[in-house]
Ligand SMILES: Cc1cc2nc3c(=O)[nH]c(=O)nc-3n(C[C@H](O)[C@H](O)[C@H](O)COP(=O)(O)O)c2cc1C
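Taking the form predicted alone, here's one chain by itself in C-alpha cells.
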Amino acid sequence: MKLLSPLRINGMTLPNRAVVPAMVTRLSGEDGYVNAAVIERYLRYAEGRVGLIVVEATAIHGNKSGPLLRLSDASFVPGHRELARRVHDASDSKIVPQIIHFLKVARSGWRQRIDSLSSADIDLIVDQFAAAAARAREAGYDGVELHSAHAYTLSSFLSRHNPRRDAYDGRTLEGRLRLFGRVMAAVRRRVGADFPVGVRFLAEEAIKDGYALPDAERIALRMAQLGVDYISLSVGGKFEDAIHKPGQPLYPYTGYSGDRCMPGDWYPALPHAEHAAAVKRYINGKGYQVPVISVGKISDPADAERLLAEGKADLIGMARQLLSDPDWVRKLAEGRSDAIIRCIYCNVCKQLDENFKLVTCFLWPKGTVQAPREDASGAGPDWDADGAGLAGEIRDGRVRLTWCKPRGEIAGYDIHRAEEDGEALVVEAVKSTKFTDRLALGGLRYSYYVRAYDSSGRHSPPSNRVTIDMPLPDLSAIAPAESSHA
C-alpha cells in the first residue's frame, strides 16, 4: 500500500504518506508558549503514527492574536523543544512548525493591508521568517513550513489583489512572487541546505478576481525553482469576502472562500484533488519532483490510496479527519479501517475557532478536550435481544428516525442511508437516539440503518433497516404565485 510507504524529503524520512496539516487548536495561552495541552494534542498524532505532523500556525512576530503559538524570540524555544522531543519519543512521526506572519486586524472590521508596509517593514518580515526558522531547527524540529496561504502576509503578496506598485507589483507574477523569494532565500541561509523547508499556499483564492489554477501552477514552479522541499496546497480562506461580525475582528473563513477552504458536508468528497493533481503534473513536467500534498475532504483510505496510485499526489493531508481520529494511520496499518471514526465534516471545529473557543471535535465524547485513546480491552457497543428498534416516519417532507440505546459506552451514532438501490453511506453522526433527514427527495426510496460507536471507534452491528418511500408533493394543490410582470 503506497499510503503506508516511506517518503524521503531532503534527509527527512516520513514513515508514511499521511499528513496532518496545520490546524488551529486555541490550546495555548495568550502568552503563546507551548503548554501541556498543546503537547498532548500533537502527541496523539504521533501515537497514531501520522507520517508528518505540521504544528499549527506559529507567529514569527509579536502582533496580538489571542491564543497563538509563537517562535518570535528565544524564550519560546524550550517549549517547542519539549514538543518535538515528546513526538520523537512516541513514534517515527516527523514534526515541523508552520511559521506565519500576519497583519493587524481590528474589532471594528478594519484591517491593515500590504500596501501600508514600508521597505523597512518588509525587510523586517524577511528577517523574522529567517530567525524563526532557525529557532525551529534549534528546537529539534525536523523541518519548517512557510505559511503562504489564506489571508496572511505572504499570501496577500501572492494574490491578484496585491495593490503594490513597486518591486512587489501586484500586476505581475514576478512582483507578486518577490517577497516569497526573499523569504525563502533568507530562510535557507539560516537553516542550511540540509533542513527541509516546505510551503503551504493556495491552489485557488476562490474570491472575485482572485487567482486560480493557472497562476498556482506557475507559483508552484517558482517555489520549486527556489528549492522548497514540499508543497502543501489549500484553497480560499480570504479576508476579501469575510463576513464581519460586529465587535469581533474579521475571520477569514466566513465567506464563500472560507467554505471552499474547509468544505462542509454538503460538498462532495475530494473537491480539491484535481487542483493538487494539476500542480503536480505541471511542475513534474518542468523537471521538478517536489512532493505535493493533496487536501480537502479526504477521509476514506481507499480514496487516499487511489490519489497516490494515480500520481495525483505524493502525500495526503487530513486536518479534520485526523482531528476526529488521530489513530487513522495506525488502524489502517493494523487492518482495522472499519474502526476509524470518520469525520462527518459538520465543521463544529471551524465554528469553535471562529468564536475564539478551544477547538475540539463533535465526534469525541462530550466534554473531552483531547481525542480519546483507544481502549483495546472489552467489546464495543451492541444491541440487546430486542435490537435497535429503528423506526422511521415522514413528517412535513422530512424523514424522522428514532431508535433505542445499545449496551456499552456510546460516543455517537453513524446514520447510514441508501438511495434507491445505491450504496449505503454515512450521511450524519449524532449523539442522541433520533435523527431528521431534511434532504430526502420526493419520488425516491430510501433505506436507513444505524451503527453506534464508542470512543475507541468500535462500532455496533448494524441496526435493523427501515425503508421509506418519499411521496412526490402534489404540486397541483399549490397555488401559483402572482406574476410580477404586467
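Since we're looking at a predicted model, the values are computed, not measured. Heads up: residue numbers just count along the shown sequence, starting at 1.
What comes next is about the form predicted in complex with this ligand, which is not displayed.
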Stretch in contact, per heavy atom within 4.5 angstroms of this ligand in the predicted complex, of 77-85, 312-320, 107-115, 395-403: 312-320
Output flag, G11, R137 and A185 jointly within 4.5 Å of this ligand in the predicted complex, heavy atom basis: no
Among the candidates V126, A388, A273, C349, the residue which, in the predicted complex, approaches this ligand to within 4.5 Å (heavy atoms): C349
Listed residue that, although this ligand is not shown, lies within 4.5 Å of it in the predicted complex (heavy atoms), from G296, G198, G236, P97: G296
Interface membership of V24, this ligand in the predicted complex, 4.5 Å heavy atom rule: yes
is_contact(D229, this ligand) in the predicted complex, heavy atom dist at most 4.5 Å: no
Contact of Y345 with this ligand in the predicted complex (heavy atom, 4.5 Å): yes
Interface membership of H150, this ligand in the predicted complex, 4.5 Å heavy atom rule: yes
In the predicted complex, residues of 351-367 near this ligand [heavy atom within 4.5 Å]: D353, V359
